[in-house]
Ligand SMILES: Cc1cc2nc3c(=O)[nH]c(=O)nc-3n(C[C@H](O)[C@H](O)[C@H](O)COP(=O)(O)OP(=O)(O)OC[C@H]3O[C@@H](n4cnc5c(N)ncnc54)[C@H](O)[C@@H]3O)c2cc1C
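The data below hold one chain only, encoded as structure tokens and taken in the form predicted on its own.
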């Protein structure tokens, strides 16, 4: 630059706008009669307006908070200038389940958004949907040069699908074994008013050019032992994404009465289109996302019935997504907090639930306040249907103790070693408490599997290649420092 040249003045940073562009919803009176989608998509114009609220932080807090390091800052920037094709490509570059996540993600990114300090955070999840709705999203993933090594993935939930993608784009030959006939794992219990099976299939279709084979209706560990994959079937590594497909029980008298229903089975049956009957006085026990899906689904199936949620802690302690809690409240669900179930009563069929009031004592080992029963506070709540949604657990039938799996506080199994390697060399296991969190652990495991197999080939490992076959590779965006994990 010449000595007398004058540098152009820097553009002032965008002013923070604390008010979110509203997200339209189906009217409450109409949506509770069926399973139509509740939240509407932004239009192109409203998506651009919302994207322009983003102040493009130099440090990308939203990206650091994302378990899969989705570059939300960049796709929002592209939407703000009307480049929806570019935004779709950026979204799918790091996120093979974007169609699902734009509807059901916990949006940790929004919790970290700087705008939240002054108002409502950027609608990052909904802008992801706009990128896919209005940009060219029918992209196909391209494998890199074949590695000539085979990897088995056990379980086609979010973690298994993510691992298959991570390894497929690196050039590995992947086989995904799934015990159900449909893919998506516990995503298959999410009601259609939030997400559909078609969304899972839209994402899976982008895998079509990868060397990924899908094998449904096969339960590894029962149909054949895990070690057979390594010892006899020619796989060099195995990733276990078993998840938590089995419901927990209350362990109280009367749980075997007709009219008592496990939540996971209830939600799956609805999604399969089966004829599911509930009564007119329905109680759902639990406080997580499955409980929220259950109360709202039960309301829709009841034909004008009354639905009550019973939870042994308070509103602040509920692990459910606040967005889903708000939706249930809007729809008229009754909430009874600090009530613990003692027994289900009835003469062959459910007639009521006996509960006891609870006081919250000191925090337990996990930091949550411990429930303490209050003597003399028993009461019977009338009910003809009780849906049990008190958590899930892993089904470890057929998985040998030599794997030395760790069960997390929320029940999913994972390997204890680096990159979630188990006690058996070459077998890795991971999962997570939400769709995107499970995907994040699968990415870490896939990196470890790649390193393990690269060492066997005598080659160095590196970052994930561009999944669209370009010359680049995965890199965190400028300004990224450390991941935010809660």
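Positions refer to the first chain, counted from 1. Predicted model only: the values in this text are computed from it and were never measured.
If you look for the form predicted together with the ligand, you will not find it shown, but the lines that follow are about it.
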query: Contact label in the predicted complex: residue 245 to the ligand, heavy atom within 4.5 Å; finding: yes
query: Residue 412: touches the ligand in the predicted complex, heavy atom cutoff 4.5 angstroms; finding: yes
query: Contact of residue 219 with the ligand in the predicted complex (heavy atom, 4.5 Å); finding: yes
query: Interface membership of residue 43, the ligand in the predicted complex, 4.5 Å heavy atom rule; finding: no
query: Interface residue in the predicted complex among 290, 152, 102, 88, criterion: non-hydrogen atom within 4.5 angstroms of the ligand; finding: 290
query: Candidate from 177, 193, 207, 84 lying within 4.5 Å of the ligand in the predicted complex - any heavy atom; finding: 177
query: Listed range touching the ligand, judged in the predicted complex by heavy atoms within 4.5 Å, from 24 to 32, 433 to 441, 415 to 423, 454 to 462; finding: 433 to 441
query: In the predicted complex: members of 141 to 163 within 4.5 Å of the ligand, any heavy atom; finding: 154, 155, 156, 157, 158, 159, 160
